[in-house]
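Before any questions on binding or motion, here is one chain by itself as structure tokens, the form predicted alone.
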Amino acid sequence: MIVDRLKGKTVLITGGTSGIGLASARLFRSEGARLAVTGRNPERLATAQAELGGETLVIPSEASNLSEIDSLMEQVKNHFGQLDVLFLNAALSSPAPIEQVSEAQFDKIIGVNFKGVFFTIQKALPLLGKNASIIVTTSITNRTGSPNFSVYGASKAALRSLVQSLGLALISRGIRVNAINPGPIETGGFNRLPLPRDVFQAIKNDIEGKSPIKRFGTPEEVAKVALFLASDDSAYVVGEEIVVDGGISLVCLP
């Protein structure tokens, strides 16, 4: 069994206090990484700090706020000096039919899911050395129609394009940019969708019924793909989007 694949590497995970981010933090720590994670919810920040230990830098940070991104990078620089892996996992999903989407809701989703990712990468560049890896979490909604997730899906499609463009722009500096594209994953974020319980369960049952694997994925399964992209195992992978969805996009793509 290969261990210590991230030994000596410093990793920053945004949205790292729950779901895919926290599962990745656990796995990365077990593989020898020095960690910084961000989140917004005070309770989840405290829980993550207790679980990940005092050597992990747990930072409250709003993903769409540029001054907070500046502060985040300053704290990482002061604590670690540099970054080897930047995992951009913070995201916001607020489902609604098009008639009910407000300008504020639109701006908030785009601000966290696209603007925040772009400027976090921009502001992290001085800390990223040669052979660094940037990982972006997208979503299968960036390739499939999802009527109540139109803004969310569009924000993730923008990320898919960004990964391709920055993959080319940054590889000459030795920085690889790739994406993980999760399908239905059993996360706290999914379970917290603001839907009546019977509606939520009906949606979940429908998704599981359509999936070739007949179940949701786990955050730990996605984390293993993130580890591949974070480690030198993926040294020849540039500008790619790895789908982790149990095959559902094979049957749900238009």
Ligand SMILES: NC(=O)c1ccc[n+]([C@@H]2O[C@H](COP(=O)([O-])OP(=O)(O)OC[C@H]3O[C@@H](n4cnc5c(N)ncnc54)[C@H](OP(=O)(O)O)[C@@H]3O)[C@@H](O)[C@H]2O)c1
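Nothing here was measured: the structure is a model prediction, and the numbers come from that model. All residue numbers are counted from 1 along the displayed sequence.
Although it is not shown, the form predicted together with this ligand is what the next lines describe.
Although the partner is absent here, Gly167 sits far enough away that none of its heavy atoms falls within 4.5 Å of this ligand in the predicted bound form. Residue contact check for Thr47: none of its heavy atoms lie within 4.5 Å of this ligand in the predicted bound form. Looking at Gly188, you'd find a heavy atom of it within 4.5 angstroms of this ligand in the predicted bound form.
Contact between Asn41 and this ligand in the predicted bound form is found at the 4.5 Å heavy atom cutoff. Among Val112, Ala96, Leu127, Ala158, the residue placing a heavy atom within 4.5 Å of this ligand in the predicted bound form is Val112.
Only one segment in the set 84-92, 118-126, 168-176, 99-107 has residues whose heavy atoms sit within 4.5 Å of this ligand in the predicted bound form; it is 84-92. In the predicted bound form, Thr137, Thr138, Ser139, Tyr152 are the residues of 130-153 with at least one heavy atom within 4.5 Å of this ligand, listed from first to last.
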